[in-house]
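Listed next as structure tokens is one chain, alone, in the form predicted on its own.
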């Protein structure tokens, strides 16, 4: 880094907000990592990929890819004091466009994440009295979402108002800044989440048939470990689960004080996130076991992932508990809401910080324009009859192409093309951390992590090119799937021109 860049970084570190303490950063980082995916994705992924045996590749993936990439994000954000565009630009001037790519990915995720958050909040209210009735699938798609099979931009009023409330609440937190907004909300919501979900798990494992579900979740299928797809699933889930590769941890680390134990913090975040995922698996599968026994079917016949688990299967479980299911339902959907809020706040912090760094905007102006703009797009698209299809499409392309490509590019930049940068980052981390990085970290970032990301990316792109995604009309797949990826490229190129003169 040149003297001019060093001065720029130091200038920014002096004027930037900071976490009040390392614990505030850790709590916020855990809040970002623990989101909707931990509750509705991990249990299904583990079940489908060897049950208890999946925990072995999962933990190996955590150590060989998740934590190394997490440490890389921390190192870049902390050393270069900025959101991805500024941090990557100070690391290597042309790389600021990579930072803007990650900003675009975060914005895309935020606009649909808000919709799922609004659904969870509404279902928390539906749980009281179990308003979904007997046919939970019909209620979700026809009654609540009023879903259309094709492209239909007709507004569904209750979805519209739900999204407005979610955006207003999240923006209120973000207006508070790093300490009074992001940090304070995580200090409140994360203990609340663990309390809510802890009570849920205790109630779930006491249900009749819970052991059937737990056996299905934990029984190891060791043969599955010979299947490469199981290992890809483990690595893929770790990347998404830890919130690495799309700017969140770079941004959060930029708010840390100069002398902060980076690797120690990363280990705490990584293990807290994985512990919550296992806890989520126990709670979810105990409930699924109860439902399977009550219905006289096998667990595999009731298990599902994503929207199906949260808004179709769990309401069925709640209904089968009778009037006592109301409390169980409120606990489950409240957990989804709380986990979703902390994650959405972290996702939006990336573009907010990026525009503050680049254009010198105040916090208030950045939140108003960035979140306000995202909210308009979110409300106009995801309060329509096509909302669930658009959520599915944007989520698939943003996660499987946007995040993976951004993470791969950041690793390849420092470990292949600008190797001295990796040594510099390693020295920076070791100067302030208790757990020192060395050849193992370099080896992982040079070979293991990029290889896994590259294979995952190629497999996804080939499959999408050959088969498309789901049974959606091609106009929707091109417009909102590949169109989302095209927006990442376009946004990265155009926004890269907004770099502040001091960062050039």
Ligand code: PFF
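Positions refer to the first chain, counted from 1. Just so we're clear, the structure is a prediction, and the values are computed from it rather than from any experiment.
Keep in mind that the form predicted together with this ligand is missing from the display, and what follows is about it.
Colleague: Work out which of 254, 358, 241, 387 lies within 4.5 Å of this ligand in the predicted bound form, going by heavy atoms.
Modeller: Flagged contact: 241.
Colleague: Quick one: of 186, 96, 346, 410, which gets a non-hydrogen atom within 4.5 angstroms of this ligand in the predicted bound form?
Modeller: It is 346 that has a heavy atom within 4.5 Å of the partner.
Colleague: To test your reading of this chain, name the stretch in 337-345, 146-154, 159-167, 220-228 whose heavy atoms come within 4.5 Å of this ligand in the predicted bound form.
Modeller: The contacting stretch here is 337-345.
Colleague: Is there any non-hydrogen atom of residue 382 lying within 4.5 Å of this ligand in the predicted bound form?
Modeller: Answer no; every heavy atom of residue 382 is more than 4.5 Å from this ligand in the predicted bound form.
Colleague: Counting only non-hydrogen atoms and a 4.5 angstroms cut-off, does residue 43 reach this ligand in the predicted bound form?
Modeller: Residue 43: no, not in contact with this ligand in the predicted bound form.
Colleague: Please run the contact check for residue 414 against this ligand in the predicted bound form: heavy atoms, 4.5 angstroms, yes or no?
Modeller: Residue 414: no, not in contact with this ligand in the predicted bound form.
Colleague: I'd like to check something about residue 33: if you look in the predicted bound form, is any of its heavy atoms closer than or equal to 4.5 Å to a heavy atom of this ligand?
Modeller: Residue 33: contacts this ligand in the predicted bound form.
Colleague: With the partner left out here, which residues of 89-125 have a non-hydrogen atom within 4.5 Å of this ligand in the predicted bound form?
Modeller: 109, 113 sit within 4.5 Å of the partner.
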